[in-house]
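Below sits a lone chain in structure tokens, taken as the form predicted alone.
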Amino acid sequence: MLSENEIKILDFLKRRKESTSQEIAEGTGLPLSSVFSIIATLESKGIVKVISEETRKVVRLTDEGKLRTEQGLPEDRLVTLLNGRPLKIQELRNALGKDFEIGFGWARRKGLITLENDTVIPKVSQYVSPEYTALKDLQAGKEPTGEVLEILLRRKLVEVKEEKMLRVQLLREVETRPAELYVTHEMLTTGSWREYEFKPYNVEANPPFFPIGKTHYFRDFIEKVKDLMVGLGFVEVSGDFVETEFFNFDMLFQPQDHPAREIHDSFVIEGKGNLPGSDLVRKVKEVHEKWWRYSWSEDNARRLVLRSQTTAVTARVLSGAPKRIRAFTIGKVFRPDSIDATHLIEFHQMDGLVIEEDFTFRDLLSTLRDIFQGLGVKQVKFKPGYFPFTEPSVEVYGFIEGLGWVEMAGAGLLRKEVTEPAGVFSPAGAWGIGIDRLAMLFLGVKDIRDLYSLDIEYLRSRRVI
């Protein structure tokens, strides 16, 4: 069976019996590179024979040469524009644009013009460059030689390339019936299918790979957690990455000399932020000075940091003195750290907050159990813990197949030193979950950096949640 292009070449050779690769390319309209490969295929089938092969140097138009062949050389255009009369340089520059400098230079070099002050005086009224004539001749198949060729090369209008040329002989004529891919209804009803050859199908070949677009798998996991929280009756709240120390630390009852507020544990941002209403600031100051026994600084509270915990968003929710709320936030937090397979300097946290009049510690444990069972962790247990702004506090563990019991969250009832300065007097349960490490457990990711991978092949290999 012969392809359409093979038939083209064989039809051409039937008339010539013997020809060169360049003549075949010109006669069939096929690219020369395709002619070489098709001749090799036909030779392997014993239909044609390559008699000789030689390499020769040929002159070809460059892209610049093709452009000048269409538009004319700049000096030719300049003389045409002058049309035998003097013109100001600026007029010629406006008319020729970027070609003016080239045309002006070559026209002066060839003695076609003179310059008086800012006026160009033509010496001829018409002019056609020998280079332009040579370009047109080359386009017609006549290669330039001698001095003209050197000028064309210097002006980068042509280039000399080595080109392979095959001389091919037709060994035998073959029946060249057209080949078809598909049987049509018309072929079947008219019986014309007998006149065609049909290309065979390789039913064992793999289909072509067409990658489909999909969302990032870590983003999918975060959306799944958000959907779960909304389904449990929580509303999502959010905050800014840059936060004052007041909401990131002071409102959470962390003293201003706490190690977590040192520059090596937080990313400090230049500048100062605004504090909320004076009543809240005064009450926070009173709580700090009463229980921590130091002189609280409003100036320190104005300092800016990249938030080190999403509990800063919880603090802002508390500052609104809500009487009843079930809220959560998921977002990035930032802490200086050494980057490795389990640590990053920016990662995601989820904070939750429940403020209800009769909310108890038992209700908090029940809520946490609902969250983790909703994520697929069927076995959950709690262990007493300590956190600076909750009392009592608890650590949450979940059983992961293959890993055993894994710590998943810290939680507790917010201390009165946190809630009462904000005007919240109902019990408030709160918790914080490291979303990245939770995702690693559920998604089977061994290196936390893979959660933020931009490697397209890796992302394609990830299963859609």
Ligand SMILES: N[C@@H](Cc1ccccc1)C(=O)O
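It should be emphasised that the depicted structure is a prediction, and the values quoted were computed from it without experimental measurement. In case it trips you up, residue 1 is the first one in the sequence shown, and so on.
Below, we refer to the form predicted in complex with this ligand, which is not included among the displayed structures.
Exactly one listed residue, out of V48, A430, V396, A422, brings a non-hydrogen atom to within 4.5 Å of this ligand in the predicted complex: A430. Of the residues L42, V418, I435, A411, just one reaches this ligand in the predicted complex with a heavy atom at 4.5 Å or closer; this is A411.
When this ligand is considered in the predicted complex, Q349 lines it closely, a heavy atom lying within 4.5 Å.
Under a 4.5 angstroms non-hydrogen atom cutoff, this ligand in the predicted complex lacks T367 among its neighbouring residues. Interface membership of F389, defined by any non-hydrogen atom within 4.5 Å of this ligand in the predicted complex, is confirmed. The shortest heavy atom separation between R335 and this ligand in the predicted complex is within 4.5 Å. Comparing 436 to 444, 28 to 36, 403 to 411, 57 to 65 against this ligand in the predicted complex, the single stretch with non-hydrogen atoms within 4.5 angstroms of it is 403 to 411. Residues Q309, T311, R335 are the ones in 298 to 336 with at least one heavy atom within 4.5 Å of this ligand in the predicted complex, listed in sequence order.
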